[in-house]
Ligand SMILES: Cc1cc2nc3c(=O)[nH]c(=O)nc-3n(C[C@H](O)[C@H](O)[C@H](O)COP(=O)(O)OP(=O)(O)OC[C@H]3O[C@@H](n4cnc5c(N)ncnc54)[C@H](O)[C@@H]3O)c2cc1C
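This document starts with one chain, in the form predicted on its own, laid out as structure tokens.
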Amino acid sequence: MNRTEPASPDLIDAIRTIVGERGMLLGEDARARSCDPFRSVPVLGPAIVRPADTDEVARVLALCHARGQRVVTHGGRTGVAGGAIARADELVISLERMNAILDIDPIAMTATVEAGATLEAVQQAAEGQDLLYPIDLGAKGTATIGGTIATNAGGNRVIRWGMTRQNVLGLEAVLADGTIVSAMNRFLKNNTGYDIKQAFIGSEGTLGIVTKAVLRLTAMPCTQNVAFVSLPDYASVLGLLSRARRLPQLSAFEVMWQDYYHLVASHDPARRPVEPDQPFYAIVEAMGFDDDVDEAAFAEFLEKAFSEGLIADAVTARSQKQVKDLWQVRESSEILVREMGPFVPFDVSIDIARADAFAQATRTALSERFGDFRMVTLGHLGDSNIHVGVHIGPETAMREIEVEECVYGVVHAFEGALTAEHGIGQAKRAFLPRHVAPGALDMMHRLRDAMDEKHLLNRDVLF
């Protein structure tokens, strides 16, 4: 059943009886929220429904399923692929009230949390038990656990601890018809039937709404060595990465092309640790458990890199404030928004050896298509993930699809992945068939049809 009109008043009233007055935002209160972190994209539907627990989620979805009502799920609304956009005929279900940290188990090294808990809140709760939840994002203060699971978020330390997929042991979810699926596994080893959680991780809310999760924690490192370096060429970047991978403590390897670093450094002197006179810059981080051993290993790594001519200049952090300051160079989205907005963001995976060739080919393609343009390039190079931002002038927003066609054409030519960690959302769905093999795409359709035959959940996400 395809709806074209907003949910009826009687449906809204029926949902209110389930979630109560606190569980509803209506009219202007709903439209005051943006579905996008970088621009104003208001909720167009009549209500934001805010359940207090899994049972309320199940009852609301069962009601919507019976009425053929489309639903969009909201977490922290930090995604940049349009997955949270809600149209006039869609209700929003937000898990913001379901934000409890239910348990931190220091022996099993697990955290059991509700899906509306923010990433930062989980990290802080784990830290209180001298443990670490290693998924780390610039938007950690707003991004929710449910959202990171839905998109299989990665972030800065994937090279050491993996994506969200590697850090979820179990979860609970509610299907489109209100069925509660409990797969709250707490064990590292459990081969009892299908691994149910994997169906929901990375599914972008199209198969069900994740309501709880059991997260895998690790021991909190007690050392953190960070260096910000400039490099003379891409061969040196690859050489430094190869050497850094020999550090058992390596936790992050972030690379910034000159276009990005020059923009940030020229607009904020506090984010200029080295001169912007080289083509590449990198943050190398190592986190471990022995002060003397780790510091010596990191110093030896840098000394050998200098002696081999891989590094042009370097600054190392000597305090937690300096660590934060160096990372702040990498996390400068507000400068990009201010100085380049509007821009079209890209999140792709490219073979590491060809990442600079990809960046050069992208610049060439943009120049041939649009003439004048601005582009910034950076990424989690250690795990192949490159982020690109493109601005072509005042018409950037209106010509966004043209920019995407241009850049994704280069991604396809380099046999890259359409998205590395942000998901397909609504923004990239038109490009999915070109980047997924027909048989795999058919299986995706079959799975979605089986789990949500009416396509009521996040209908316009993925395909």
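The first residue of the shown sequence is 1; numbering continues from there. All figures in this text were calculated on a predicted structure; none of them were measured in a lab.
One more form of this protein should be noted, the form predicted together with the named molecule, which is absent from this view; the next part is about it.
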Check: Should G389 be counted as a contact of the named molecule in the model of the complex, where contact means heavy atoms within 4.5 Å?
Finding: no
4.5 angstroms heavy atom contact with the named molecule in the model of the complex for Y408:
no
Non-hydrogen atom contact H380 with the named molecule in the model of the complex at 4.5 angstroms
yes
request  = Determine whether any heavy atom of A176 comes within 4.5 Å of a heavy atom of the named molecule in the model of the complex, and answer yes or no.
outcome  = no
TL;DR on 260-268, 100-108, 149-157, 241-249: the one with heavy atoms within 4.5 Å of the named molecule in the model of the complex is 149-157
Partner-free chain; cross-checking the named molecule in the model of the complex, the single residue of A213, V255, L95, V348 with a heavy atom within 4.5 Å is L95
Note: exactly one of A143, L91, L326, A359 sits with a heavy atom within 4.5 Å of the named molecule in the model of the complex, namely A143
Checked 193-226 against the named molecule in the model of the complex; residues with a heavy atom within 4.5 Å, sequence order, are E204, G205, G208, I209, V210
